[in-house]
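Before any questions on binding or motion, here is one chain by itself as structure tokens, the form predicted alone.
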Amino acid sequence: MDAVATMTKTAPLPAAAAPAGRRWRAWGVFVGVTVLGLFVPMVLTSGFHLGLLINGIVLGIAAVGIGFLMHQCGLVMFGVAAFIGLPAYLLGIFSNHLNLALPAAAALALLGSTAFAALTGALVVRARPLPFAMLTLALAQMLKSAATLQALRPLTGGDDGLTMTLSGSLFGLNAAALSKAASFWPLAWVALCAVMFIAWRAAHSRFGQVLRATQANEERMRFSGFDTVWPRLLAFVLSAFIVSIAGLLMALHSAFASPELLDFATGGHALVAMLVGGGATVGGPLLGALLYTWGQDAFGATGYLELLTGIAVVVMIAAFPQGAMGFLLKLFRRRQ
């Protein structure tokens, strides 16, 4: 029975059909891992390695957003950088020019980036996968050009970027604390866990079933009476919201926004990380981001960063078409 036929049934979702004991154990493991993760700075005392791990999980958040959209809708967002750089610039503008306190500036930056995703998504989600990818890339390039306009230099800092003056505190962390890896870690870790839960819950809901069925046979879904545009739009907005969290975290940690955040290369890092880890699960993009971040550090020390990165990515994708996580899950199933 195909995905569309499955949608016409009223059978409970797989998650709901799971035994209650198994669900409670899964919740226990998730909460336990979340709590234990808060103590990582006590174990990993090296500021450099902790900072590297923070870079990995922030990249992982962006990769989770990309992976959700690709796996559920079959849409690849080339313009990921639009939703990494936009919240960063909005945070700086709200803090520097409107003198908003840090919580209000961060909330409005995230809201503004999500609203931009809703407005642009209403146009781009109707396109086929390849035009969709190119349209999102055009959005990112448009924002980058706007950020470097001479007329907007007093607002955005132009090519020099925007140094932020963050006032107040966010969850008890002021600007000085946010710049330190050990104190910034809990915020980044909790954000990662929340994002992974949101993506997992959405994928395992009826909403996720509609998205996958639409991807499998959109014409039949429309014939069956399902709206195929609104679910894709909501998925795009959710994906952009998740990516925007990564961009906001970058800005909070560095207190700086530059045009490079809106460049294709910035979004390309997250896209490659998702492909390396695999987008079929919420853990795959995170694993790919950690591997990619570690590889960038290791290859950078050799002086052949681009060459070795390109070779490693090609080998990984060729050897593991379903990503590193897909390979690990296949091994796990074979051992059962």
Partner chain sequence: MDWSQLFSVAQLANALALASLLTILASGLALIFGLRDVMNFGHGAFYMLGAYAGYSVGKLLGFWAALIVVPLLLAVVGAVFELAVLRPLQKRSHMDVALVTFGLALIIGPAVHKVWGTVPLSVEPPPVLAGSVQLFGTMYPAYRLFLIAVGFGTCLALAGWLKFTRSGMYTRAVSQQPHVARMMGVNTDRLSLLVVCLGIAFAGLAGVLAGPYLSVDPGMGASILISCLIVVVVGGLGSIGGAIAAALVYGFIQVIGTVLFPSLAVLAPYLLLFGVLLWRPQGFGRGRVA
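Residue numbers count along the first chain shown, from 1. None of the values given here were measured: they were computed from a predicted structure.
Below, we refer to the form predicted in complex with the partner chain, which is not included among the displayed structures.
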The partner chain contact in the predicted bound form: residue 184, any heavy atom under 4.5 Å: no
Heavy atom of residue 131 within 4.5 Å of the partner chain in the predicted bound form: yes
Close approach of residue 141 to the partner chain in the predicted bound form, 4.5 Å, heavy atom: yes
Residue 78: touches the partner chain in the predicted bound form, heavy atom cutoff 4.5 angstroms: yes
Contact residue in the predicted bound form, chosen from 224, 167, 217, 145 - any heavy atom within 4.5 Å of the partner chain: 145
One residue of 135, 108, 191, 173 in contact with the partner chain, assessed in the predicted bound form (non-hydrogen atom, 4.5 angstroms): 135
Heavy atom contact within 4.5 Å of the partner chain in the predicted bound form, the stretch among 206-214, 227-235, 70-78, 97-105: 70-78
Sequence-ordered list of residues in 304-332 near the partner chain in the predicted bound form, where near means a heavy atom within 4.5 Å: 304, 306, 307, 309, 310, 311, 313, 314, 317, 318, 320, 321
